[in-house]
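In structure tokens, the next block holds one chain alone, the form predicted alone.
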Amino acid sequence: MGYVLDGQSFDGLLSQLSKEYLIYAPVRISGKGAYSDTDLVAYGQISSLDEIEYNEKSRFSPKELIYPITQTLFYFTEDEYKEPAVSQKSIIIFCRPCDVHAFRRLDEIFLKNGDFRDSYYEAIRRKTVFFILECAGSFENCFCVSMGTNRVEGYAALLRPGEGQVTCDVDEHFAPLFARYGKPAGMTPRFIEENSISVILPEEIDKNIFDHQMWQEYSSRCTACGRCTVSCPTCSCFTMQDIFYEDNPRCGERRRVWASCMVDGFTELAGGHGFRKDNGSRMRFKVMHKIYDFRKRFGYDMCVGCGRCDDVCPEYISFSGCVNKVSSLAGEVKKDD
């Protein structure tokens, strides 16, 4: 069902929705960019159409809204523990098609990967609905078409901002509310059909590629800063921290905190032994997990082609270029065998 709303009407819609939902969208944060006098586009709560940054890709994904960077799992004393209260409001996230696909991959990890479902993730995820921001054009470093994540279904609403108005395609649940604030209008969703970057995924990978000398290049280039995994919408690794309070050392809280396979100490074991100590090995693990390991388990690739890892890398390392290199070498490795 299609509707068109002017800016004032859309703000009224948001005000009405905010009674039941926490509403998040990409916003521009002045002066918080990577360099002096630059802005950062990240996710924050909104109450107005003007706050939504539509024309620029967010530097960080909306993943942290459902899977927080730091999350208290429970508080503890000597005798008991208690889980923190969860907001009763549901969540609306304005995001791109690739980010919806990313959440579906996180669902595989947290809800379908073994016999236990992650109750902390599930408590927020089940209350989340997606409002899609239609991509007017492909952003820099995107390769969503190659990954099959340029199209999406099952959204609550899809929005196409224009001059002073928004045209929306809405599902049955939200249609009555949009009808109250807008006027009926024809709306055929448009999706990106071509990116400037194309990625060729390897159809078959010989295991000898894991020991190929190509990975040595990244030992000298990668600085193991972890920016790529922090910005990635599908990375899900975490570690645990027990925080003891200074005023009562017998009480505290257990927190889940994001971790990264690219940084020092991630694979360290008791006694000081660690795996993948050089940065090239870490790069190999990350890349092959995105296009090989996850596919073996779930039947499709983990990467969604958002290009954020390329956007944030201080050494200009291209993930898409690395995948293409793996694909070109896969046949050679097999032939050499």
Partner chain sequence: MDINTKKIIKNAYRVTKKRGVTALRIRVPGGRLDVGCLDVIKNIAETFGDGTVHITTRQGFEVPGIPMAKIPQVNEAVAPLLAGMESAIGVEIADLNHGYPAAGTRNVSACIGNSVCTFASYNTTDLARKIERLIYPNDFHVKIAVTGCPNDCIKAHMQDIGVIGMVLPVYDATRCIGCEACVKNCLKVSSGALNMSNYKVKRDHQRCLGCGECVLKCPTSAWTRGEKYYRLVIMGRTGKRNPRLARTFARWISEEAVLKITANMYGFIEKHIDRSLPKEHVGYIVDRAGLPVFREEALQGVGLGPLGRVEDYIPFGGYENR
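As the structure is a prediction and not an experimental result, all values here were calculated from the model. Numbering follows the first chain given and starts at 1.
We do not show the form predicted in complex with the partner chain, though everything after this point is about it.
Visitor: Just to confirm, Phe244 within 4.5 Å of the partner chain in the predicted complex by heavy atoms?
Guide: Within the cut-off, so yes.
Visitor: Is Trp258 close enough to the partner chain in the predicted complex to count, meaning some heavy atom within 4.5 Å?
Guide: Taking the distances in the predicted complex, the answer for Trp258 is yes, it comes within 4.5 Å of the partner chain.
Visitor: Quick one: does Thr70 come within 4.5 Å of the partner chain in the predicted complex, counting heavy atoms only?
Guide: Flag for Thr70 set to yes.
Visitor: Quick one: does Arg160 come within 4.5 Å of the partner chain in the predicted complex, counting heavy atoms only?
Guide: Taking the distances in the predicted complex, the answer for Arg160 is no, it never comes within 4.5 Å of the partner chain.
Visitor: Only one of Cys225, Leu177, Ala185, Ile200 gets a heavy atom within 4.5 Å of the partner chain in the predicted complex. Which one?
Guide: Looking at the other structure, the residue within range turns out to be Cys225.
Visitor: So which of Glu217, Asp171, Glu140, Asp264 reaches within 4.5 angstroms of the partner chain in the predicted complex, heavy atom to heavy atom?
Guide: So the residue touching the partner chain in the predicted complex, by this definition, is Asp264.
Visitor: Please identify, from 129 to 137, 250 to 258, 149 to 157, 90 to 98, the stretch that has a heavy atom within 4.5 Å of the partner chain in the predicted complex.
Guide: Within 4.5 Å of the partner lies stretch 250 to 258.
Visitor: Taking heavy atoms and a 4.5 Å limit, what residues of 20 to 49 are near the partner chain in the predicted complex?
Guide: The stretch touches the partner through Gly31, Lys32, Gly33, Ala34, Tyr35, Ser36, Asp37, Leu40.
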